[in-house]
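Below you'll find only one chain, the form predicted on its own, shown as structure tokens.
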Amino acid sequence: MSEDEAEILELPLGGWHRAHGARMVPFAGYAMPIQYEGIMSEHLWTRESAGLFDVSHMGQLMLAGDSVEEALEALIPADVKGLSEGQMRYSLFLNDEGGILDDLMITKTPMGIYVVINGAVKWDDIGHLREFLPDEITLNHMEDRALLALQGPKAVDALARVVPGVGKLFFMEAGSFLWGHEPLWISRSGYTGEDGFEISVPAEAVAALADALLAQPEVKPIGLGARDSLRLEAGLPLYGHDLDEATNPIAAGLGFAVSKRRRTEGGFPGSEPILKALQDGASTKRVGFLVDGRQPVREGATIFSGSAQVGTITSGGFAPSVQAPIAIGFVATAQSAPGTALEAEVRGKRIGLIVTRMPFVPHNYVRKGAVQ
């Protein structure tokens, strides 16, 4: 075993994935399943039924203390104080220039603020929090818990048989449930554009829970490959690709992450350049592209308008639901209108692009108050 291989960590479900035929690859420091039956079939199964994903590489944190809302608001642009119990928000860790250090989910719980951060940068995020949170705020890195995602239009049917009552949740709501004697924290959320759930479970119980879910006829295990193609079709950014420390949230189309009260009050890192971009508009914009022909346009490809370089592709690939290649990238705002014809350079060859609205396939979230 090489030194690099020795540094790859094992997830609680590592053996379970291999037993179910997964092909494992290193990702975010862990051995992760890239696929089982195949990316295309797993992607389409999730769109039509329910896919089970292991996302235990992500960081689960609990922040607690008398002034935890105020302390966290000093680091993110969300209205943490305005959250009711079980309510979730998408938010961002920011630097002083308004760049994105990570994107994250926060939820108000009876124990404190539950935070889920990206696996690839979780140790940086934890260091950031330890450096800037006041001493009276406790940070519990919940390494004893695993995280599953069950995604797809039939996810609620399958999960409700295993954990009765989850159907009462709506999109971006979460709550505590018992599975036997095991405490679960379940949110109606995900990263595919479909209805679905994320399930925090004690690590020692995750294999049994995965078995119980897989026993449902709607459910198959799904790997990282389909997770990426699903989120690409849903127009959802991936940190380290579509977002980084140089990305202004307004350029990235994430202005919704800056809550109304925080737009007025400010007081978060990078508030000046972010609020200025909100008011005046950003010089670049994250957009979707339909790609001419069948050849995918990948991350890093340069975007041209005639002879002028106007942007860069940040994510791209074949979209199984669209049955065509698609891409996401940043372009100069002047070239960002839907319908704009541009070109990407791939291995010295120009490939036609058409700017299009995202998502590429409709989101199917079950929102509170929506007509079902």
Partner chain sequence: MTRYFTDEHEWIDVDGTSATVGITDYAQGQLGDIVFVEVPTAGTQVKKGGDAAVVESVKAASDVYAPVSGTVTEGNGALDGDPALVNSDPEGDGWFFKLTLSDPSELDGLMDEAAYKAYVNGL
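Numbering follows the first chain given and starts at 1. Worth saying up front: this structure is predicted, and the values here are computed from it rather than measured.
Omitted here: the form predicted in complex with the partner chain. The next part is about that form.
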property	result
Heavy atom of each of Ser229, Arg298 and Phe318 within 4.5 Å of the partner chain in the predicted bound form	yes
Residue (of Lys168, His181, Lys260, Arg294) lying close to the partner chain in the predicted bound form, criterion heavy atoms within 4.5 Å	Arg294
Selected contact from Gly225, Gly119, Gly175, Gly112, since only one has a non-hydrogen atom within 4.5 angstroms of the partner chain in the predicted bound form	Gly225
Arg357 within 4.5 Å of the partner chain in the predicted bound form, heavy atoms	no
Contact flag, Arg23 vs the partner chain in the predicted bound form, heavy atom cut 4.5 Å	yes
4.5 Å heavy atom contact, Ala332 and the partner chain in the predicted bound form	no
Proximity of Pro338 to the partner chain in the predicted bound form, heavy atoms at 4.5 Å	no
Candidate stretches 343-351, 66-74, 302-310, 50-58 - the one whose heavy atoms come within 4.5 Å of the partner chain in the predicted bound form	343-351
Members of 36-58 lying within 4.5 angstroms of the partner chain, judged by heavy atom, in the predicted bound form	Gly38, Ile39, Met40, Ser41
